[in-house]
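Shown below, as structure tokens, is a lone chain in the form predicted alone; questions about how it binds or moves come after it.
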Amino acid sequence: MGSFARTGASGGIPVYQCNSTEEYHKGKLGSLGWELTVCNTLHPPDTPVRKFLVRSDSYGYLLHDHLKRFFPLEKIEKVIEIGGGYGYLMKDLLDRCGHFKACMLDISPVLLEKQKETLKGYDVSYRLEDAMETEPEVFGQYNLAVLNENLGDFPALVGLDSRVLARDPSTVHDPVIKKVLRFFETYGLDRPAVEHFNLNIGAMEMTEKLCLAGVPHIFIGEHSCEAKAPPALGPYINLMSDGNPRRITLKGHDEYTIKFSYLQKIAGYHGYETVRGPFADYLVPNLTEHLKAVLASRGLYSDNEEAVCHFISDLYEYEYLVLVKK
């Protein structure tokens, strides 16, 4: 379980919970072994999943070539990655863009040390801090901000009563509920159709902060609660995406899938053009009969096939946003 803080709400509305992974990442995280990210899965050249892609390559190289479609990477000077994992993505970007001056910002001292090992010899600076507390002026120094496979770790409100959205802000004393009402009113967010819903409040705040800082190019990638499988893979992939951020239980903490449509509206309000899609846009699966047979087996016959099934599902459950300042 992640760490939860219970807060009472006035006016007879039930309490909500706030899911935070701060304590885990600052003091308990020892490795990402329990969180096999898409980036880490593609890192070893001999990983069995690479051969099921149209182009067998690392995550960072494939993402680099995808980003070139939307803005000129050769004109980017300073890049910051927030929550950089083991540093594999940034290493790939620096291999392709040797002119980058990079900064790695991470809340985890363990992961920051691993990034230093991976990026030894490259022009990189490091900041050990919580991005939620970083001054906007810091982000405003950079031409590109990258948040890959980590926004689900940012604070989320769990079990929020939808009746709070009808409250008059002038009658609300809880600062968290005031913040929720501000987001819905300012950005015209769609109201949930369920009685209780989960809200990626931290992801929304982080997106807003980067937009207000005027970072001209932003990349975000994470599990989505709005993902859809293409018709050709409908019989093989079951995505649990009902539009309400879903809890993912991991070792020592929980994270939540992201409602990308909310982040799009926030970015659009602040003058950003947005491109959104599944990771499969740049990690393109080669839909051969062999792959379909592996997916149809649900990975029951070998560990490698189980890994392939999980990986192909992730290519559609993960979504990305490319934000470019107009």
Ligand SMILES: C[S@@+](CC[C@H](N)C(=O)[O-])C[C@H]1O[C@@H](n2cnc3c(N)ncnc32)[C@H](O)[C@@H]1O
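In this text, residue numbers run from 1 along the sequence as written. Model, not experiment: these values are computed from the prediction.
Same protein, other form: the form predicted together with the ligand, not shown, and the subject of what follows.
- Though the partner is left out of this view, P216 does not reach within 4.5 Å of the ligand in the model of the complex, counting heavy atoms only.
- Of the heavy atoms in L62, none are within 4.5 Å of the ligand in the model of the complex.
- In the model of the complex, A227 stays away from the ligand, with no heavy atom inside 4.5 Å.
- Interface residue remark: L73 is not counted as part of the site for the ligand in the model of the complex, having no heavy atom within 4.5 Å.
- None of 162 to 170, 237 to 245, 128 to 136, 95 to 103 except one has non-hydrogen atoms within 4.5 angstroms of the ligand in the model of the complex; the exception is 128 to 136.
- The contact with the ligand in the model of the complex, taken as any heavy atom within 4.5 Å, belongs to I107 out of I220, A156, V79, I107.
- Site annotation in the model of the complex: the residue of L144, L111, C211, I201 reaching within 4.5 Å of the ligand with a heavy atom is L111.
- In the model of the complex, E81, I82, G83, G84, G85 are the residues of 71 to 97 with at least one heavy atom within 4.5 Å of the ligand, listed from first to last.
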